[in-house]
Structure formats: C-alpha cells, structure tokens
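Only one chain comes next, encoded as structure tokens, the form predicted on its own.
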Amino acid sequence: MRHAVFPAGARVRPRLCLAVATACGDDQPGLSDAAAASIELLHCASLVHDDLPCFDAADTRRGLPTVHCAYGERLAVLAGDALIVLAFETLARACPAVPARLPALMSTVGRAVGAPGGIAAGQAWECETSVDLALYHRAKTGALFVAAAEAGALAAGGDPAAWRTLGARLGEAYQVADDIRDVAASALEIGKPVGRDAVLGRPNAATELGLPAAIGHFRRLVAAGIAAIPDCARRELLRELMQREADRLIPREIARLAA
C-alpha cells in the first residue's frame, strides 16, 4: 500500500480539494485534509487496479515498478481494495467534530468511485467493443475531479454545486492531457509506459481528434474550468494555480504542435 501511494505523483486532486476548501473559508481544516487524503487514496487505488495484467499490464508507475510487478498480482488486488477502505475510514475518522457534514461527503466521494458514473464505470468502458469517449473520460477521470472540488466545498461548509463545473472541466482536461502524453511524450517524462492506448485498443483523444486538435480541445477545457471558478476571495489565486497546472500537463515542445 505504501508503494502505491509513495513516491507522490502530482497530487493534483487533493490540491484541488484543499484549494476549494480554502476558497470556501475552511473552518474545519482537519476535515478538509481528510477529504483530500481520501481522494488521493482512491486515486492511488484506481492506479493499482488499472496497472494490473487484466487491464493495462503496465510495468512502471511514477518511475517505479507497478505494485503487481513489485509484490505480485494477488497482493496488488488486495492493496488496491485496502486503499479504498482506508480512504473512507480516513474520511469517517475526521467527522466527529462536524458529523452533519459526513453523509454528503461520503455520498459525494462514493459516487466518484462507483457506478454508473465513477471510476469503476470508467474502467468498465475499457471492456466494451464500442466506447463513447466523452462518457469514458467523465467517468474514469472526471468523476474524481468533480468529487475533489465538491468535497472541498462540503468539508468547509460551502455549496458543492458551485464548484462542480470547475471539477468536471479540469477532470476532462486532465484525461485529454494524459491521452496526448501517451501519444507524444516519453516514458521518462511521465514515469509510465507510453503508447499503451494504441497497443490495448483504448479510446484516446489525440488518436481520435488528431494531436493538434486534441491540444486545442485541452486548452478550451482548461479555459472553461477557469471561467467556472465562482466569485470568492481567492479567485485570482485559483486561476493562477489552474493555469500553472495546465502548463505542466502539456510540455512546451508538445504544445507547439498545435500552432
């Protein structure tokens, strides 16, 4: 389980959760920390399962051997399952101070990993012979970004609906960026194998739209996410954070291909 969580990735989902909580006043920082941690644990669990031989059969993740390569397939399945349980345990432990916020938080986070529109549903699309790219992206990646934004608001006693569009657009943008890097980046740059979508016959925005069009689509999604940030005391700071993250996701040498 530690191998799955550390070393850290970009931690973009928990950072989004905490940024939204801060924008909403963050009157319960222990709860917002727990919400952010639970989101990241669920993301790491999904990566463990996604890397398994029955799905991507990936050998590396974040520059290290994947969990099933390091410890065996059976322990990888169990580690992923245990991380899911730990995510909800972490969230529940932090709620005694404000128990009224727990039901909405648990429901929001649970919906992001289950069916019909969570990570499990996104993974299930990979088992189909015909895939709707937008639905696939919204479930496999977008759902947890939406949950991160909404959970940040809920943990701080804010309105989750006000942040839903931001999470949705950023989640879709993140998956499009991942598709672009799978086609145009190197394994050293992203810390995992590239070209896997083509090998496995998976839907890929860069393949379906063409690389320049996919980069343009990514930029439009980021702009839509930034535009969706509600009025708040830290709106400009959030805008800068999102733009920096977008610049990190698509390296300049790849972005030039859209010119």
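What you see is a predicted model, and the numbers here were worked out from it, not measured in a lab. One rule holds for the numbers: they count along the sequence shown, beginning at 1.
Not pictured, yet referred to below: the form predicted in complex with another copy of the chain.
Participant: Is it true that His49, Met106 and Ala124, all three, sit within 4.5 Å of another copy of the chain in the model of the complex, judged by heavy atoms?
Facilitator: Checking in the model of the complex: His49, Met106 and Ala124 are all within 4.5 Å of another copy of the chain.
Participant: Given that another copy of the chain is left out here, which of Ala156, Ala168, Ala184, Val113 has a heavy atom within 4.5 Å of it in the model of the complex?
Facilitator: Going through each option in turn, the one that passes is Val113.
Participant: Taking 4.5 Å between heavy atoms as the contact cutoff, choose which of Ala227, Ala233, Val199, Cys54 touches another copy of the chain in the model of the complex.
Facilitator: When another copy of the chain is considered in the model of the complex, the option within 4.5 Å is Cys54.
Participant: At 4.5 Å between heavy atoms, is Ala161 in contact with another copy of the chain in the model of the complex?
Facilitator: Although another copy of the chain is absent here, Ala161 would stay clear of it in the model of the complex, with no heavy atoms inside 4.5 Å.
Participant: Is Asp132 one of the residues lying within 4.5 Å of another copy of the chain in the model of the complex, judged by heavy atom distances?
Facilitator: Contact with another copy of the chain, no.
Participant: Is there a heavy atom of Met1 lying 4.5 Å or less from a heavy atom of another copy of the chain in the model of the complex?
Facilitator: Heavy-atom contact with another copy of the chain at 4.5 Å: present for Met1.
Participant: Out of 68-85, which residues reach within 4.5 Å of another copy of the chain in the model of the complex, heavy atoms considered?
Facilitator: Heavy-atom contacts within 4.5 Å come from Glu73, Arg74, Leu75, Val77, Leu78, Asp81, Ala82, Ile84, Val85.
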